[in-house]
Ligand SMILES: Cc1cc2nc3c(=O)[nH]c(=O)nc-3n(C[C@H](O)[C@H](O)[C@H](O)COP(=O)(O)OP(=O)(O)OC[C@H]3O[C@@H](n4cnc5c(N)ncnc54)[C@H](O)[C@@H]3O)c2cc1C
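So this first bit is one chain, no partners, the form predicted on its own, shown in structure tokens.
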Amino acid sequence: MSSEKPSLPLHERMVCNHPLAHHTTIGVGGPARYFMPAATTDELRYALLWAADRHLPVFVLGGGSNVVIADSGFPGLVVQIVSRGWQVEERDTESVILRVASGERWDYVVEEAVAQGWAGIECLAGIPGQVGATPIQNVGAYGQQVSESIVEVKAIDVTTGQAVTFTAQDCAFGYRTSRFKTADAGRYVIVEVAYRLLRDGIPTVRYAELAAYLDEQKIRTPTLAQVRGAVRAIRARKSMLADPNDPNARSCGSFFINPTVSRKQFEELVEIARRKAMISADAFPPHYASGDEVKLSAAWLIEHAGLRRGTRLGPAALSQKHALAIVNLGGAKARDIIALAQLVRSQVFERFGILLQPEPVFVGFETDPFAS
């Protein structure tokens, strides 16, 4: 974010009782008591100071693609990051450092990187939302995650208003998480992310579904553009692209994280699945090695717990394209989305003894709806 002065005084940019549902991809949630867009670092600092002077809680909203807002809305100030811009640093012959403002649309960044022949994020095409969210979630898909390319994150400390810079190691990245989601949740507002990308790099094809699609298309030596296109095509099949004309896309993406279990738990799951004829005697549920543990498919667990794609609970439903997505069929409230998610969670636990963890951020709720 630049340090330009705001175009209007803060009090003229502030909106009261601003509806938030249309700022999210799932389309639920009540109003913000106060709302303000911030395009510069100064605007962000002024907003934080304004809220602090009034002892108001603050929520920073990006693209709204991984968030569920309570029906009561948010009782404080919602700041929407709308910063734009990026800068390319050419430090060596093998790579570039791409510094991007947190308000840039993520899929556009992937598109431009691929067009320049820079490898490192091509498998992350089609993911909705903004750049600032990528380190928080350690966004990943189809064999890549941003922690592999992030070199630096710049943020504003909400408690002091000071600028802070984090190296990749400082970020404490894990599977779909970071310090910004755990120990320091809510403390920092990310304003810029720097990625190291490889010039004329070879695309990453290590995810089975992606490799299978490329083989299906008879693409033996894919380019960056072909891998990006393949990922988008796969996501489109599952209604995991932002598309206002696709009713199955009115979601916040994958609602649950693929669980990681011990080898013993995996063996118990295999026994259950074979005993109940979910798989043949010599087969295994979908799984991936994760060090000494095993990562499972949450979608497989959901469907084999008796919840088919398209399962409805009032105006909320599992997507007809992908069991991991919970869809707003029209007119759904946050409570409807939560109710269906809790049903999914309880049935999977009852059938397999595995407790699925939700991926979205829950805003405005008095207590965590999935605390257990």
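Fair warning: this is a prediction, and the values are worked out from it, not measured in the lab. Note that residue numbering follows the sequence shown and begins at 1.
There is another form of the same protein, the form predicted together with the named molecule; it is not shown, and what comes next is about it.
A.B. asks: Among 91 to 99, 276 to 284, 137 to 145, 261 to 269, which stretch has residues with heavy atoms no more than 4.5 Å from the named molecule in the model of the complex?
C.D. replies: Of the stretches listed, the one contacting the partner is 137 to 145.
A.B. asks: Please tell me which of L214, A163, L241, A233 lies within 4.5 Å of the named molecule in the model of the complex, judged by heavy atoms.
C.D. replies: If I apply the 4.5 Å criterion carefully, the residue I get is L241.
A.B. asks: Against the named molecule in the model of the complex, would Y188 count as a contact residue? Criterion: heavy atoms within 4.5 Å.
C.D. replies: Within the cut-off, so yes.
A.B. asks: Residue-level contact is defined here as any heavy atom of the residue lying within 4.5 Å of the named molecule in the model of the complex; does V361 satisfy this criterion?
C.D. replies: Yes - in the model of the complex, heavy atoms of V361 and the named molecule come within 4.5 Å of each other.
A.B. asks: With the partner left out here, check for me: in the model of the complex, does some heavy atom of G63 sit within 4.5 Å of the named molecule?
C.D. replies: Close contact exists here: in the model of the complex, G63 approaches the named molecule to within 4.5 Å, heavy atoms only.
A.B. asks: Would you please decide whether A133 lies within 4.5 angstroms of the named molecule in the model of the complex, comparing each non-hydrogen atom pair?
C.D. replies: Answer yes; at least one heavy atom of A133 falls within 4.5 Å of the named molecule in the model of the complex.
A.B. asks: Go through 251 to 286 residue by residue and record those having a heavy atom within 4.5 Å of the named molecule in the model of the complex; state none if no residue qualifies.
C.D. replies: In sequence order, S251, C252, G253 come within 4.5 Å of the partner.
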